[in-house]
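As structure tokens, the next two blocks hold two forms of the same chain, structure 1 and structure 2.
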Structure 1
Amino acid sequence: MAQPVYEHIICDPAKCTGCRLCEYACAMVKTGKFDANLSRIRVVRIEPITMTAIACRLCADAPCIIACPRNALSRSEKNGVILVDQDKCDGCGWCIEACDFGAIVLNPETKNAEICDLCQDLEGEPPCIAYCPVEALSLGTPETLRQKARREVVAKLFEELFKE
């Protein structure tokens, strides 16, 4: 049987306008307050026009899980998100250091690491996607990303040919 593949939040940098509404929405849904620093999705804006949003990418061989000295992190079998055992986690931050994407938050109030869980407990699409005004955010797997990229490059090629 093939390895299970999981969907994660992906952002199309061509569409992202850098507005950060995804951060505000995520923080409110997860903490009841507007505090972008506690958002599990973060907008990176390299001034002036380079921008995208980053959340947990559900890495296949997740370094955060390996890095945790207390075995507080594990992968959900249901949808692949990284689960944080609130009792085991003591907020040491090794997972944050291990994450190549800066996608893990240390909540100073709970003293726990917090990671995007795709809002699996909510009905409907994750709020970050719902609040994105420009449809830059979506759920995707590495395979759907590859397919999309291939379709786009061929469409472009076709357009160029057609233009000639």
Structure 2
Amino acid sequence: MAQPVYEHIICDPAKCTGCRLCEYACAMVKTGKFDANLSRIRVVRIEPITMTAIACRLCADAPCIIACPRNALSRSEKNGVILVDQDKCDGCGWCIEACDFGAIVLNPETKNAEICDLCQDLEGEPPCIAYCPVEALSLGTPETLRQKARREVVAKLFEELFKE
């Protein structure tokens, strides 16, 4: 039986300017502090000049859940987000090591792991998406990305074909 595929935050690096407003919006909503270090989404630079934002990809066989020695991580059946039981988490970092995307952060204040939960407790789209000034962030799946890439390739082919 195929595992469900959940929507997660996707960043279009062609649009991302690295402004970090997504980080600030996340931190403000989750902690009440305007401090990007408390964000559950991270803007990273991919040399030489590409910027992209990284959040939890909601992996099918989430290695973070498997790696947690305290069973502090679980998956929401509602939307697939990875939940952290703050009472069980001791900040050991095994989940951080296991994440291939670098999408798990250690809260510098609580010393517990934190993972994007798509702001599931709020109405509407996550604030990181809502406040992105260049609309670089969206919700999607790996298939969404593949479809977008195919459309872009076809558009470029038509552009080259009818260039004259």
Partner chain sequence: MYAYTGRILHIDVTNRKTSIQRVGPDFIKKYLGGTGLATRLVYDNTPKGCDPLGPENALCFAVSAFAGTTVPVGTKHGVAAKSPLTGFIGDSLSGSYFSEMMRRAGYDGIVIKGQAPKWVVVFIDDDDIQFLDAAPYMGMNTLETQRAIRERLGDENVRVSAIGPAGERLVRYALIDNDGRQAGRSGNGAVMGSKRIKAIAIRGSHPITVADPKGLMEASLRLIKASRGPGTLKYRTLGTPANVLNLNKMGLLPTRNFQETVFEEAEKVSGEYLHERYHVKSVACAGCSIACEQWGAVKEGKYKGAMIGLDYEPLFAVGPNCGIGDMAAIIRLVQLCDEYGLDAMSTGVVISWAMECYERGILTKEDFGGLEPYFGNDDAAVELVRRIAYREGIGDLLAEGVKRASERVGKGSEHFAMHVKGLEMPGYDVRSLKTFALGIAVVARGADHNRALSYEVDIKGEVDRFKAEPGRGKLAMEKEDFACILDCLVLCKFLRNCFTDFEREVAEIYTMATGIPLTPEELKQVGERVVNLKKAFNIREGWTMADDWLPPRVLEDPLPSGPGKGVRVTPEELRMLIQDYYAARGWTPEGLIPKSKLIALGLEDIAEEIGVEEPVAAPAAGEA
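Every residue number counts along structure 1's sequence, beginning with 1. The term rigid core refers to the most C-alpha atoms you can superpose between the two forms while keeping them within 1.5 Å. Just so it is clear, the structure is predicted and the values come from calculations on it, not from any experiment.
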Which of these two, 1 or 2, is the form predicted alone?
2
Using the rigid core as the reference frame, would you say D121 shifts its C-alpha by 2 Å or more between the two structures?
no
Relative to the superposed core, report the C-alpha shift of K111 between the two structures in angstrom.
2.7
